[in-house]
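What follows is a pair of forms of the same protein chain, given separately as structure tokens and numbered structure 1 and structure 2.
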Structure 1
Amino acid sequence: MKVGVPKEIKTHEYRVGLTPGAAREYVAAGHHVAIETNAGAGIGATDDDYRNAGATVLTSAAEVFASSEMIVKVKEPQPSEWAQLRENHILFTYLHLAPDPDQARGLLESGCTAIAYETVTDAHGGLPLLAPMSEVAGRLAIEAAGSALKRSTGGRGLLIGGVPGVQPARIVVIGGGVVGTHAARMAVGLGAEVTIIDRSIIRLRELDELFEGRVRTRFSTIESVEEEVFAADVVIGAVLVPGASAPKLVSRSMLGWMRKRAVLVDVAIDQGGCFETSHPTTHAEPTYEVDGVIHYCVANMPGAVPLTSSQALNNATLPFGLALANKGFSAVLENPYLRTGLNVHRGRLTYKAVAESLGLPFSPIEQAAA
């Protein structure tokens, strides 16, 4: 199959769809890889690195799209990219369609087959292509919070871990999944006082054992969320509903009861955000203030550490990408885990949670593929 990798164009996005090592694996499997010039610059990979891996380097994204059957990316296609997609294309990337009707419309009109990293599953019911970036984002969330807490950036002027004799920051993590666990791990390591809120008692037990009493755990109710958020210096939004828009767990009215210059870090912003006052920001302008509360809502957090992120992502996506390259759309029909990744096919939405979030018709895979 002809596999194409355009350079990412989202603001301050330095990751790349295929590292030179991953490109080499595709070539070794008998596929042709075309990569846009300088696509790997953000991870320090040169065009010659890709040529040495057996890939062809093209001068523009337009050439990559026009010459390829499968497009491998990192972030969701931007308007100039979805306009270049055609019916013969398989798009393999993060999509996050639920809060993005414009992108959904663009993909539907293109007629392409779009498979979302974030809804591909595994034998354990996990999300193997989302997990590595969730690990990165969870850890970065605490770094972002530490920066936003500084008085010079508008925060409370608080050091996360405190110093002897001085109270550390009180950090509340809403959601005990991969993001929340890694955020808590970082926060605990820095000496913060950490509480994790989740709706699963089973998961709370697991977290209690994992952290050996170094974090507080609370079952998620309206009351517990309010109590913890109002007393927090930092709130990490780490809630995920696969494929669907994130629930709004912190309303604007709650901001008035929070500590002034406290920080909200919304890691769920790709799925619409779990704070009512959230809207996507960029690495160039990561924060804004609402009612005296600092919001950090960067939609591509792992893009700040592209070398780590690209390698981790490629490790996870490689077997699925090779399956698609080897068998095309047949791989989706044969592989139950890739089936859950299919969001768009021939102008139809094939992922129910996305269709419901957008208020558009849902088509089962069998119907869309008929």
Structure 2
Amino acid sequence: MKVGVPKEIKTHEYRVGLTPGAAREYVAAGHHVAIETNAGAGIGATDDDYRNAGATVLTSAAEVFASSEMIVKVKEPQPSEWAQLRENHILFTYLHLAPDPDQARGLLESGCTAIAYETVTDAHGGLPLLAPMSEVAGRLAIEAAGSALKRSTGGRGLLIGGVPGVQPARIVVIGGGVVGTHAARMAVGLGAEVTIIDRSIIRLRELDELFEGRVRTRFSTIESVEEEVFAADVVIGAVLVPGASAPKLVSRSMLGWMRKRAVLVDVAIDQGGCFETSHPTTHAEPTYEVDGVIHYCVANMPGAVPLTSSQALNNATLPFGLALANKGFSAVLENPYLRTGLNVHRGRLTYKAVAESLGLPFSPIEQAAA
């Protein structure tokens, strides 16, 4: 397979579709990898790093698209990229098509086969290509909170772990899934006092076992959320109700009862946020204050650490990408997890929920492939 990796062109996107290490795996499996010059610059990977991995470096995205059969990216294709996709291309990247009719039209008109990272599943019904970014965001949430608590950034001057003889920060994590677990892991590691709230009793049991008593767990009710939030120095919002906007679990009126200059980190902001007063912020200006409470609501947290994020993403995408490179479209038909990843094929939408959101016809895979 001729595999092509263009440089990401979405604003402030520094990740890369294939790291040099992943490119080497494709080459070792007998594939040809072509990468656009400087595509790895955001993670400190030079063109020579890719050449040493066995890849060919091309001078423009146009050359990459024209010479490749499979395109591996990170973010959804931008308008100039749709225009270069053709019927014989397999596109493997995040798409997030449901709210994006323009991109959907671009992909449908191109005739390409597009597999979305975010809808590829695993044997446990999980989303293995979304999980690494949730891991990164969960761990970063505690770093973000630590920095927002510092006096130098306008915080109340509290060290998350305290020191011997001084009590540490009280951190409450709402939602004990991937983000919440990784946030709790970091917070426990720093010595904070950590409580995880979830509405799944099964999940709370798992967390209790996992942390061996080093976190408190509470079942999610209006009362438990209020009690914990009012006593917290930091609240991490990490809930997800699949397919729905995040529930608003902390209202504006609750802010007045919280500790002054406490910090809310709303990781669920990409699903609308779970605090009533949240609105998306950027890495350039990550925080704002409402009623004396500091809010951090960056919608693309993993973008702050593209080196870690690219490696984590590549570790997860590699087996699926290699299966696609080895077998082409047959891999989609044979592999049930890649099959759920297929969103667009030869001008048809093959993912039901996406088609419904866009108000466009849905075609089962066999029909689209016939």
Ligand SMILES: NC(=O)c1ccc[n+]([C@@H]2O[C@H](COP(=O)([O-])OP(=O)(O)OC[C@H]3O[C@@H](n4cnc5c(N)ncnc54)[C@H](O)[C@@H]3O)[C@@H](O)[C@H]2O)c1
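For residue numbers, the reference is structure 1: its sequence is counted from 1. What you see is a predicted model, and the numbers here were worked out from it, not measured in a lab.
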Query raised in the report: Which depiction, structure 1 or structure 2, is to be taken as the form predicted together with this ligand?
Result: 2
Query raised in the report: Among Leu190, Leu322, Val305, Phe230, which is positioned at a hinge, defined as the point where C-alphas switch from fitting one rigid part better to fitting the other better between the two structures?
Result: Val305
Report summary line: How far the smaller rigid part rotates between the two structures, stated in whole degrees, is 23
